[in-house]
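Have a look below at one chain only, the form predicted on its own, in structure tokens format.
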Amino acid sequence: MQIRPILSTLRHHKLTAILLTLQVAFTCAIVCNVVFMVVNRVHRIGVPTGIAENELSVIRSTGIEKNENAQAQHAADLAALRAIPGVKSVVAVSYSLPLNQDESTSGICPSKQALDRAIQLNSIDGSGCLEPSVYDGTPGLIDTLDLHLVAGRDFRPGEYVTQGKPPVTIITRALAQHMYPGQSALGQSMYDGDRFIRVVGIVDTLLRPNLRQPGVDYDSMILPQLPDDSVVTYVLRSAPQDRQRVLAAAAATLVKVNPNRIINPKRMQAYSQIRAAYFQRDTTMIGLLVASTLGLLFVTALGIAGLANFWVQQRTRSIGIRRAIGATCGDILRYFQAENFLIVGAGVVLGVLLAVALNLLLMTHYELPRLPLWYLPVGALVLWALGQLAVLSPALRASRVPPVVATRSV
């Protein structure tokens, strides 16, 4: 196939060719960046929490009695909840759970020297100190959440406190690596400003209640601190199919143990509902981005097919002449496909440059990560394939133009 006749024809249709090239270019730039944003959102939604999500149910209780003995009430509640058929284990926590947005944090330094550096810098950045999320709960929290101890041990009964600050902690593997890079964190004493806390255990994964950035999302620590307030959250572990039944039974049981409490129905949830609520905006955004991308690709394909149909109609007599002097159906088909390949190719080249520029703009104003370079050739191949498919029907129609058309009057 000679390119010169195609270029000569396109020079007679400069405006339409340029418009189609620009349409392909903008489509390429937008699609590459939108697909990258969708992949990032999907990755964000799929972030593991480290807990047994499909086995957990959560119910929050708020006592309304004055001078209530919170510890005695929690103990009675836990005993009654454990007796519910299907409940494997249950614990009470103050409020924090992964992705529930109720977060408590604490500034922790690996040493007193690191704390002094943070004070001098007036920031924990560059000092070695960190600000992990803090979890607490009654004995059995590790087993109920199904956290995996990779080193050390669980808390001992005598280490739990109600008032004051516990002397020991269990931290995540990520926090251990950030606090003590290249060292073993087990047995180390972290400094939180006025005391040392010894690390007695390390769990594999425990996500924060609020996501921040990938580098620190798993910086979490667990303290043997017993909830000591009339507002408490009970976490129940059961088989996935029993969660709704267990929740209903738990609400009835708690009211039976002590009617002087408030149980908000919105705070009675399977953990999967907590996760879905946290990522609701991301899920909606993914749907909008996917719909807009498909719509843009459809409009681009429609533009390519419409222009090809217009050109076939305009060139019907010239196609008949080519057929009369020996051009085969395959020659005509390849001509239109090659013409489309050149137009789309020019648009793709321009679109790749626009995609990079758009990504830099998004990085500057919306903190989007850098677009991986492999997205560009993949986007180009998709648009080339789309162009060939869009032009196929008009090209086949052109290839079926009979030679006798050349003998007809214009």
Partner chain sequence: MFGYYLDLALRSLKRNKVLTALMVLSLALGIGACITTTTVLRLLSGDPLPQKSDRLFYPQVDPNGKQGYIAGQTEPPSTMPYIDAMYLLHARRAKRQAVVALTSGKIAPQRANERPFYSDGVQTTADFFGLFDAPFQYGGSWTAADDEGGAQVIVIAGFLNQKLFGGANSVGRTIRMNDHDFRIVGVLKPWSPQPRFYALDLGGHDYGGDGDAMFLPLKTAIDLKMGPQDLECYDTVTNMDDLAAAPCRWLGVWVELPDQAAVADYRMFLANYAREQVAQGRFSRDETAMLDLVDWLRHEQVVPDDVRLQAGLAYGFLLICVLNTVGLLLAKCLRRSREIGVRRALGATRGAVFAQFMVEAAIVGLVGGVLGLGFAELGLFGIRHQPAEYASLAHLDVSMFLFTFVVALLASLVAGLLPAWRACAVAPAPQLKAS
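Please read all numbers here as calculations on a predicted model, not as lab measurements. Numbering follows the first chain given and starts at 1.
Keep in mind the form predicted in complex with the partner chain is missing from the figure; the text below concerns it.
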Which of 30-38, 370-378, 45-53, 338-346 lies within 4.5 Å of the partner chain in the model of the complex, heavy atoms considered? The stretch 30-38
Site check 168, 210 and 384: each within 4.5 Å of the partner chain in the model of the complex by heavy atom: no
Since only the chain is shown here, I'm wondering whether residue 184 would be in contact with the partner chain in the model of the complex (any heavy atom pair within 4.5 Å). no
Taking heavy atoms and a 4.5 Å cut-off, does residue 288 contact the partner chain in the model of the complex? yes
How about residue 300: is it within 4.5 Å of the partner chain in the model of the complex, going by heavy atoms? yes
Using the partner position in the model of the complex, report whether residue 281 sits within 4.5 Å of the partner chain, counting heavy atoms only. yes
Only one of 259, 326, 164, 157 has a non-hydrogen atom within 4.5 angstroms of the partner chain in the model of the complex; which is it? 259
Work out which of 101, 314, 244, 120 lies within 4.5 Å of the partner chain in the model of the complex, going by heavy atoms. 314
Applying a 4.5 angstroms cut-off on non-hydrogen atoms, the residues of 365-397 near the partner chain in the model of the complex are 365, 366
